[in-house]
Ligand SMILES: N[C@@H](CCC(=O)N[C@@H](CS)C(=O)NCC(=O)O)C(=O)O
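One chain comes next, on its own, written as structure tokens: the form predicted alone.
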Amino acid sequence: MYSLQLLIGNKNYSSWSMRPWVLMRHFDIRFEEVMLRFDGFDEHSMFKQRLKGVTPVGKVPVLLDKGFAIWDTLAIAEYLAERFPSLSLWPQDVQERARARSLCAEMHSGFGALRNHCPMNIEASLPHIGQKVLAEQPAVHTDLARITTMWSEALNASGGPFLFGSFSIADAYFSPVTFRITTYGLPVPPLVQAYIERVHASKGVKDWVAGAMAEHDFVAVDEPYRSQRE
């Protein structure tokens, strides 16, 4: 029995769940996975019922440490960084650490257009939808431009291979975004495309994707562009 449990949603769709899961798997932090299928989000759904008494917000992910609950992805990341200081989940340099936190906070509270119009769907390939979204939603252009700029600046400053050199919370935090870009065929410069490929080849992300592909689940509420899994 592990002292840490991580409650997550479907791996194919749950971008917020992906972040701490990838982080913990990449750094070999042992935990028990508890997957709660997205069967609906009203108070009578099994998903909501299973979260009652665990978290007051009724959302995943939730990290349980011997029963103590931490919800919100960024709070979970900070908790893990303090719980396992020797792993250096954040960059070690104080200014790089501040910059990494700034980028994560920007992701946490922004990029609504990209999230709304290009929801995470790892199994799908929807480049035609990406073209349509870019043609009709200028705000998605703005979000994509900001993401490519922030990643390019970080990679140029650190020299790679990840945003701040070694894999960190920042890379785990942006890992779902890399799949939004891939799924919808959104255009990015070569430096960013190479970074995306390195993220996809990293240990935790590869394991998450394998789980997503093995689900063979279709959750209609998370599928605005398809009526069935192809």
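Numbering starts at 1 and runs along the sequence shown. Note that the coordinates shown come from a computational prediction; the quantities given were computed from them, not determined experimentally.
What comes next is about the form predicted in complex with the ligand, which is not displayed.
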{"query": "Candidate stretches 58 to 66, 190 to 198, 23 to 31, 162 to 170, one within 4.5 Å of the ligand in the model of the complex by heavy atom", "finding": "58 to 66"}
{"query": "Candidate from Glu123, Asp143, Glu96, Asp72 lying within 4.5 Å of the ligand in the model of the complex - any heavy atom", "finding": "Asp72"}
{"query": "4.5 Å heavy atom contact, Lys132 to the ligand in the model of the complex", "finding": "no"}
{"query": "Contact of Ser14 with the ligand in the model of the complex (heavy atom, 4.5 Å)", "finding": "yes"}
{"query": "Residue contact check: Arg50 to the ligand in the model of the complex, 4.5 Å heavy atom", "finding": "no"}
{"query": "His108 within 4.5 Å of the ligand in the model of the complex, heavy atoms", "finding": "yes"}
{"query": "Contacts with the ligand in the model of the complex - residues in 83 to 106 whose heavy atoms fall within 4.5 Å", "finding": "none"}
